[in-house]
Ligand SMILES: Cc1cc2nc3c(=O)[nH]c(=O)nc-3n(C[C@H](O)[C@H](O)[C@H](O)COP(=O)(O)OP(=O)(O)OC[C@H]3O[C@@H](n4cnc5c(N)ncnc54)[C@H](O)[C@@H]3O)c2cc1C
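The form predicted on its own is given below as one chain in structure tokens.
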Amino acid sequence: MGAIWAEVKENRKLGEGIYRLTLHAPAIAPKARPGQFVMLRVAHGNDPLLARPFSIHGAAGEELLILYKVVGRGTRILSQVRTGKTLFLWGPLGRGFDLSGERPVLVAGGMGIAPMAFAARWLAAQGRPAAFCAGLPGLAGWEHLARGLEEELAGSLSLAWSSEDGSLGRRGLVTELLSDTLAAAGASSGGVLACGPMPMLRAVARVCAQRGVACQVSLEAPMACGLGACLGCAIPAAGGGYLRACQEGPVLAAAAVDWERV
């Protein structure tokens, strides 16, 4: 794990409230794996006091990508950071995805596309076949990201979209795409890897359990340190007790989570 001041190479607006941050992070980027995250201070000084956890969207050479959506004061401040400034962060943190299986199915919902796109690029770079099911609220605000992924992954992975308003791909939920994909011969031999809103992950876990398919889920949880000390990221564990999203996770076997208590 590295703790560094990283130079902002780009902080690009991709759509309404959607940004992609590129950082020069030589102590972190080469070690980053899909599913891991970093803790990032969005400004200098003590306001805001706490760092925020961000999934790693990509890593190439010494550069680290973070995809984020403006949802509160912290991310609003981050969206105003200009090229050439420096930000303090530490990582990579947590347990990432096991990508060793053959023909895994990647499932992303909303901002869960951040780590899943990293996983898709990782598999594509190795020439590994996989299916990628991505669900978004609609095309509005997401056009640049969606088209960019289509161009980047064309010919490498099977990419299918769903949207709630039907403006992108199939109208409906991404879990419907997942069910169709799992019904295809051989599509589930590498298991399912998913990240997105908690209700989506609960539904993905249920679909996989019904079909007897191994499933890994990346869970988001509030945290202050990312190191296991603050215990703010406790996830109810199947059989009782809790798991820390920053240490035992954020990627966990779906069967290890008590979905009734999440």
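Note that the structure is a prediction, hence the values are computed from the model and not measured. Numbers for residues come from their place in the sequence shown, where the first is 1.
Quick note: we don't show the form predicted together with the named molecule, though the next part is all about it.
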> With a 4.5 Å heavy atom cut-off, would you call residue 67 a contact of the named molecule in the model of the complex?
Replying inline: yes
>> Can you tell me if residue 55 lies within 4.5 angstroms of the named molecule in the model of the complex, counting non-hydrogen atoms only?
In response: yes
>> At 4.5 Å between heavy atoms, is residue 220 in contact with the named molecule in the model of the complex?
In response: yes
>> Please determine whether residue 154 contacts the named molecule in the model of the complex, using a 4.5 Å cut-off between heavy atoms.
In response: no
> Quick check: do 71, 114 and 250 each get a heavy atom within 4.5 Å of the named molecule in the model of the complex?
Replying inline: yes
>> Quick check on this chain: which one of 158, 167, 75, 86 has a heavy atom within 4.5 Å of the named molecule in the model of the complex?
In response: 75
>> I need the one stretch from 121 to 129, 106 to 114, 134 to 142, 172 to 180 whose residues put non-hydrogen atoms within 4.5 angstroms of the named molecule in the model of the complex.
In response: 106 to 114
> Within 28 to 49, which residues come within 4.5 Å of the named molecule in the model of the complex, counting heavy atoms only?
Replying inline: 37
